[in-house]
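Let us start with two forms of the same protein chain, each given on its own as structure tokens and named structure 1 and structure 2.
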Structure 1
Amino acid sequence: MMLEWLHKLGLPPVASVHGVAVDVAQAGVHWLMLVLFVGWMGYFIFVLFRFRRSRNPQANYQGVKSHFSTYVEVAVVVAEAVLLLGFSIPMWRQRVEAFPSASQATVIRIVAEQFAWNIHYPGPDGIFGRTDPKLIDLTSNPLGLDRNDPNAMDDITNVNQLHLPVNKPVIIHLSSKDVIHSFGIPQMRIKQDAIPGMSVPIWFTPSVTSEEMKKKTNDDKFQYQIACAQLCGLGHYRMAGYVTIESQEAFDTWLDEQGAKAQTSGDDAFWL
């Protein structure tokens, strides 16, 4: 019921395993805020009427002796403690400490820059090739990938096109080349700042393919999008990436095609 209420107010549909827990916590916070708002506004109106000047021409310096307000305050503290200790902290701990094994996950590097998302797959060997700032070319090699490195020969890179298999954990090592950006996919309920000089890992498990979401939203043109949630310059508004969630078989096929394309061209394959 709570989740349906939030979704009707415009919250995007959930497309990740942990997304339901995030929505439950959000719903709890919103219901608590609604109860507090209605309660305090009702109390405020009651006080304005009960202690109006015409009824109380002289001030009463004894005050209210009832302990009702104390009980209300204790109830609010208990509700907040349940939300914090029962939902938020366990969820935060899982996202931070319970990372899946890299061998059981799809591991990707994403490097943000003004105004694009550079995406780097390690290839079949599962090892990211060496990168060197001196090799960066904004047109053909924005990541500075050293193709002479044996580990980089099978690496796959592109811009703004993220493909992921459904129902498999994804680990993303997030960084930035210039200013602070913020990586977010609303339907996956993930958001993390990309900070220059740091590699920040995040993880999630997609649970709804792009085709399934098109049917779910009744929108044939639906696409998962990577949104930059941090004002990062004049082109911030157009810093959008696109995410395709597909079956493991379709993902493997796409990965093979991109690997063959990179081998044929002898250079990185980039498109916007």
Structure 2
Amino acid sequence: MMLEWLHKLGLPPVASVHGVAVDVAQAGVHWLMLVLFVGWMGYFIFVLFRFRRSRNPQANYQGVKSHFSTYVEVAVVVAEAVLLLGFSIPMWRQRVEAFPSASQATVIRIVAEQFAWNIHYPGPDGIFGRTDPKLIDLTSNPLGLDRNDPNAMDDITNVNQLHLPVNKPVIIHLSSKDVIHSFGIPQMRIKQDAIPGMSVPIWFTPSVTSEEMKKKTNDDKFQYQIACAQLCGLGHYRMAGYVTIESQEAFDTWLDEQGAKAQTSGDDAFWL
């Protein structure tokens, strides 16, 4: 029920496997908050009415004698402990330790820059080619990919267009070229800062394709987006990436097309 209320308020529909558990925790915490707030407010309003000066001209030196508040505090501690130990810590462990094996997953690199998301697929060989900051060229080679490296021959790069197959785990190695950005897809309940000098892996499993989501939300314009969540300069507000979740077949077809384009154009400027 709480989850329905949160969705009504604005919580976007969930579209990843672990996201369901995130939402359960979200609902749980909000229940705790609501119960405490309503309880306190009921008491508060009653007291303001009951103990106003005109009704109660003589204050009582002792005040409250019951131990009810102690029980409330103990209950709060117990509820917090359950949320913490039952949900939050195990879930975090799952997010940062229980990575799927690379062979079972779609593995990509994403390198953020002011104000775009560079997306790097390893290509059919499954190995990322060498990159070097010295090779970076803003228009022709934003990732600094060394095309002379044999592993880089079949690599596919792209700006702001992230395609992923549905129901297959995705591992993203996230980094940044310049300042700190933050990679988030609200429907996937995923977020991670992209920090220069560090490569941080994240993983999730998309469970609803873009087309299915269009039907579910009854909106043809539905669009998954990468939202930058960390202030990264004057273009922070428009640093949106576009995410397409599709069937494995559609994804493979798309990837082949991208590979062919990269071969024919000779550099990585095909997307311009």
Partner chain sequence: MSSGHHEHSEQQEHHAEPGFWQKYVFSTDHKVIGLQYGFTALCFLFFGFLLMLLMRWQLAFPGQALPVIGKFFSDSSMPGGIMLPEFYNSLGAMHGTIMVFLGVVPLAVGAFGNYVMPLQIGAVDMAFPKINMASYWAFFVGGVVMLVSFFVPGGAANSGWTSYPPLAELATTGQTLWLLGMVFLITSSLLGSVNFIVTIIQLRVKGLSFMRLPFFVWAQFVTAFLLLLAFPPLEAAGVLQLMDRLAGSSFFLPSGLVVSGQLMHNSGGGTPILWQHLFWFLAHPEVYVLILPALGIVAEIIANNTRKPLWGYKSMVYSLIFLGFMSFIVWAHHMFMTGMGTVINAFFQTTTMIISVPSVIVLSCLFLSLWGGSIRFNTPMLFALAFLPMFGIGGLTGLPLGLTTTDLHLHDTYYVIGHFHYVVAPGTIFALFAGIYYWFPKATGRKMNEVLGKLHFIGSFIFINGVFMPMFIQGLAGVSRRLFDGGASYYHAGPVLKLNVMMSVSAWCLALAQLPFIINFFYSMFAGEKVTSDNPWQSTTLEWATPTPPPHGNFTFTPEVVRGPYEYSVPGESSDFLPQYQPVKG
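Quick note, the numbers are simply positions in structure 1, starting from 1. For the two forms, the rigid core is made up of the largest set of C-alpha atoms that agree within 1.5 Å on superposition. Bear in mind the structure is a predicted one, so any value in this text is a computation, not a measurement.
Which depiction, structure 1 or structure 2, is to be taken as the form predicted alone?
Structure 1, which is the form predicted alone, differs in this respect from structure 2.
Does residue 238 shift between structures 1 and 2 by 2 angstroms or more at the C-alpha, the core having been superposed?
Shift of 2 Å or more: no.
Does the C-alpha of residue 218 move 2 Å or more between structures 1 and 2 once the rigid core is lined up?
Residue 218 C-alpha, core-superposed: shift of less than 2 Å.
Inspect the rigid-core superposition and answer whether the C-alpha of residue 247 shifts by 2 angstroms or more between structures 1 and 2.
No, because once the rigid core is superposed, the C-alpha of residue 247 moves less than 2 Å between structures 1 and 2.
With the two forms matched on the core, what distance in Å separates the two CA positions of residue 44 between structures 1 and 2?
Between its two positions, the C-alpha of residue 44 lies 3.0 Å apart after core fitting.
Residue 53: how far does its C-alpha move between structures 1 and 2, core aligned, in angstrom?
That residue's C-alpha sits 4.7 Å away in the other form.
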